[in-house]
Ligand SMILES: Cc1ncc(COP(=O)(O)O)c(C=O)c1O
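Read the single chain below, which is given as structure tokens and is the form predicted alone.
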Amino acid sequence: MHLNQSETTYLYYAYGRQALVEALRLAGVSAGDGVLIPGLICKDVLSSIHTVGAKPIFYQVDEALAPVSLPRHPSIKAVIAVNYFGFPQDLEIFNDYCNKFSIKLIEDNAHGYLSANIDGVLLGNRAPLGITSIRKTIRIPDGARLHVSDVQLVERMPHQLPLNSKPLGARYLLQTVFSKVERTTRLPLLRWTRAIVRLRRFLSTGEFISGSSALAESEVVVPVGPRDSSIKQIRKLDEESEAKRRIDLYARVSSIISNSKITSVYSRLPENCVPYGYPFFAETDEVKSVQRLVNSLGVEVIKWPDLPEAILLDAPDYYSNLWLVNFL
């Protein structure tokens, strides 16, 4: 299954990290090569880099989540730019870097399904290679895609992996129903369900929310196709309605928490941006008050990201104080 949209060819995978493995291979990354990646990233992204035998080389981002600088190392064969929370990353510094050193740019658009830049170009389609994790925007068990815009790379693409026939599953069907009920009646079914699940986890592990283990960074990633049922859900999505819901939620959250002691990451919502959520910086003791303020919207505040082990010791404070009102 190849989909051609805006001169971009898509391949579908179960998870974004699987699509990233193929993107790295297409970019010519192999054993011993370096991949330039932001320190502000989920640790499990590193598993894709290690799967192809490469090593991560980190660059820092500032409080606007833009790169401070891009270090040069002769081993670097690919650079990853991240559209944090569906907001378009300015790619100028990345394009200049890649053109200067003849390396490939990969646009990590895990959070940016439905989002576009000010010119109306879909995020994930602005670089030779792009990754979008659709399952993080709509409620499906799996579903991610690799975007290939470079004509030469399109010729080297593998065939679409077979879709599997697994159903969506009772868990995801119930979450979908609970979510719809919560949005229309304000009866917090999802919140109650999450509370029960987390209590059970706490009783068995001592933690309410489970984080990724250190092994998540080195896990071997084997690309597989997504469920056929997930692809059907993607095709059924009313994209205009979902985009409007998220844009409206962003405005409502912004208004509700305007007097709280938090700092929004972004001062405004750019044109054509469909937000993954509402990101903000806050100390931990402020987060509970934010959650109480947004409870009536049927959304949850989560911590993001689960940082790589190599970043933890020297990470700026704002890396650890980043939170998100999740719009899923």
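Residue numbers here begin at 1 and follow the sequence given. For clarity, every value in this text was computed on a predicted model and none was experimentally measured.
The next section is about a form of this same protein that is not shown, the form predicted together with this ligand.
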| item | value |
| --- | --- |
| This ligand: the contacting residue among R246, K77, H111, R126 in the predicted complex [heavy atom, 4.5 Å] | H111 |
| In the predicted complex, the one of A116, V253, C98, V82 near this ligand [non-hydrogen atom within 4.5 angstroms] | V82 |
| Contact test in the predicted complex: Y318 vs this ligand, heavy atoms, 4.5 Å | no |
| Close approach of D44 to this ligand in the predicted complex, 4.5 Å, heavy atom | yes |
| 4.5 Å heavy atom contact, I131 to this ligand in the predicted complex | yes |
| In the predicted complex, R135 touching this ligand (heavy atom, 4.5 Å) | yes |
| One stretch from 285-293, 22-30, 36-44, 267-275 that, in the predicted complex, holds residues within 4.5 Å of this ligand by heavy atom | 36-44 |
